[in-house]
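The chain that follows stands alone, in the form predicted alone, written as structure tokens.
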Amino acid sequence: MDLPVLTPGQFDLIYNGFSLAIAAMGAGFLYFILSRGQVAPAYRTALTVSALVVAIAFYHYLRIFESWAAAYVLEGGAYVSTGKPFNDAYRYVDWLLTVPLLLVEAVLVLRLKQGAGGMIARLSIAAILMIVTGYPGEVSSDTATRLIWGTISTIPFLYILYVLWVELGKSLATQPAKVRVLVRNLRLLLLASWGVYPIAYLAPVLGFDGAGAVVALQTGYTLADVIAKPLFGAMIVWIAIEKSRADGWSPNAAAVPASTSKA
């Protein structure tokens, strides 16, 4: 795909967005790793998965950043293509790995007593299908092809929402009151962030073309990734902390060694 000519403002908006995403993913990784000691052992796997998600995204955003910088050069007051392709496929490789893990961490932190394994498998398969079927439309310049594959990709997306709202919602009655509020907000955050992806995906169809389409697509995807990964992971941490408290666990109690009797 030929890259359009960009103004310095358009180029910098995307460039700085990638930089922001790299910083957010790196900060998220440190926060999730350091927070493991603040939750009960039963919830630490969920935080480890959160750290893994942002670590994967951190790596891919570095590659996206490098590819973007190599694809453009400033000439005559505008950014023009260097002839090197911008490899946006890094995003889909990233999503193929991180989207299933995002759903896994949500299930793990709730510690469902029944059906957790089956739910994780179904959500992971649906997430992979959603990403794989969306890619042919992403790389196509044909509007009809983009719409067809986008529609197909929406089917597993709707299934994921069904599981999160209906099946996962049934488990909330057994959760502490504060956790129920946090999980409600977690699902709304996921819906809000994932809602940005199809809007950005459809930017070329919605009247954006050339430079406008590139700016809308790249900034939209980057914004959604920052919300869906480090911010989503932060909410996983808060849920884990509340559930640890509800279980009667505290970091201070865990740090106190068992008393020894004196002869």
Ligand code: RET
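Note that this is a predicted model, so its numbers are computed, not measured. A residue's number is simply how far along the shown sequence it sits, counting from 1.
Below: the form predicted together with retinal (RET), not depicted.
Participant: Decide whether F208 counts as a contact residue for retinal (RET) in the predicted complex under a heavy atom distance cut-off of 4.5 Å.
Facilitator: F208 lies outside the contact set for retinal (RET).
Participant: Is Y159 near retinal (RET)? Define near as a heavy atom within 4.5 Å, in the predicted complex.
Facilitator: Y159 lies outside the contact set for retinal (RET).
Participant: In the predicted complex, does V183 have a heavy atom within 4.5 Å of retinal (RET)?
Facilitator: Close contact is absent here: in the predicted complex, V183 is far from retinal (RET), nothing within 4.5 Å, heavy atoms only.
Participant: Give a yes/no on whether W194 approaches retinal (RET) to within 4.5 Å in the predicted complex, heavy atoms considered.
Facilitator: Yes.
Participant: Taking 4.5 angstroms as the heavy atom distance cut-off, pick the stretch from 175-183, 68-76, 118-126, 92-100 that is near retinal (RET) in the predicted complex.
Facilitator: Within 4.5 Å of the partner lies stretch 92-100.
Participant: Of the residues T154, T145, N87, T82, which one places a heavy atom within 4.5 Å of retinal (RET) in the predicted complex?
Facilitator: Only one listed residue qualifies here, and that residue is T154.
Participant: At 4.5 Å, heavy atom to heavy atom, what parts of 194-225 sit next to retinal (RET) in the predicted complex? List them in sequence order, or say none.
Facilitator: W194, Y197, P198, Y201, Y221, D225 sit within 4.5 Å of the partner.
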